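Have a look below at one chain only, the form predicted alone, in structure tokens format.
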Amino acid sequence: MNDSSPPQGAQAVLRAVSLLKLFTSEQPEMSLAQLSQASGLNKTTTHRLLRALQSQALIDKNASTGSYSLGAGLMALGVQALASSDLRRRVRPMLKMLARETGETATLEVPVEDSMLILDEVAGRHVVAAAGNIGTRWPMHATSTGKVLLAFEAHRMEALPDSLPALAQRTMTSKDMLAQQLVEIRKRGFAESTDELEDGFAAVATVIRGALGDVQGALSIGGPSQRLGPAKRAELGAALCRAAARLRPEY
């Protein structure tokens, strides 16, 4: 069993990491007061942690406004993480093949807390397509990749909030209804999301497993829901399951 509890004496590190996680695409810049309030830390502690992060280029401070944003050092670490990802290297050729054969965008996604992170992506040939989303995180309950992870790793349901936020017109906001859908996903081996993450967008996904059967991430194909009707989604789901089987290393 993996022990996910932090080691003793790691409080300062955990607090610093929690500050970094407060920055989002919707709020890329925050003041000291905002960071202090959002983190639950007093201003003195928050300022001390920010200075430490700034010294390593993990945080930038706007000289004009005094507000903070994520630093270039984090971008460098992200690039290094992508380059060193064995899963990404293994799956990359399959993403290219899926994008070429289906014409739609293929993605590799991994779970991060209660969301899915797009680790890699290969755009399809269509002009209207989803692309340019590497590094983006989306809520599990609204994505095909998240739902397939929830289906095959049931413990992840515990991390979801009791109230699931609606992102689009068909987003599933009931955990009970979501749990019922996961039963069907386990039976057929892939998940679907239509107008749940964003109106007009549909995607299909299945899990990627390691040699011992452990879930390592999810493989997805997505595009406009107008182009990805029920029959097409079923076809793509079967294609993804075959691709995932080919990706599984021999034990």
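None of the values given here were measured: they were computed from a predicted structure. For every residue, the number given is its place in the sequence shown, counted from 1. We call the rigid core whatever largest set of C-alpha positions still superposes within 1.5 Å between the two forms.
There is another form of this protein, the form predicted in complex with the DNA, and it is not shown here; the text below is about that form.
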> Counting only non-hydrogen atoms and a 4.5 angstroms cut-off, does K232 reach the DNA in the model of the complex?
Replying inline: no
> Any of the heavy atoms of R51 lying within 4.5 Å of the DNA in the model of the complex?
Replying inline: yes
> Should H47 be classed as touching the DNA in the model of the complex when contacts are defined as heavy atoms within 4.5 Å?
Replying inline: yes
> Is Y68 a contact residue for the DNA in the model of the complex, using a 4.5 Å heavy atom cut-off?
Replying inline: yes
>> Within 4.5 angstroms, counting heavy atoms, which one of the listed stretches 186 to 194, 199 to 207, 212 to 220, 60 to 68 is next to the DNA in the model of the complex?
In response: 60 to 68
> Is it the case that K147, H155 and S174 all touch the DNA in the model of the complex, with a non-hydrogen atom of each within 4.5 angstroms?
Replying inline: no
> in the model of the complex, which of the listed residues (Q226, Q27, N42, S55) lies with a heavy atom within 4.5 Å of the DNA?
Replying inline: N42
> By the 2 angstroms cut-off, has the C-alpha of Q226 moved between the shown form and the other one once the rigid core is superposed?
Replying inline: no
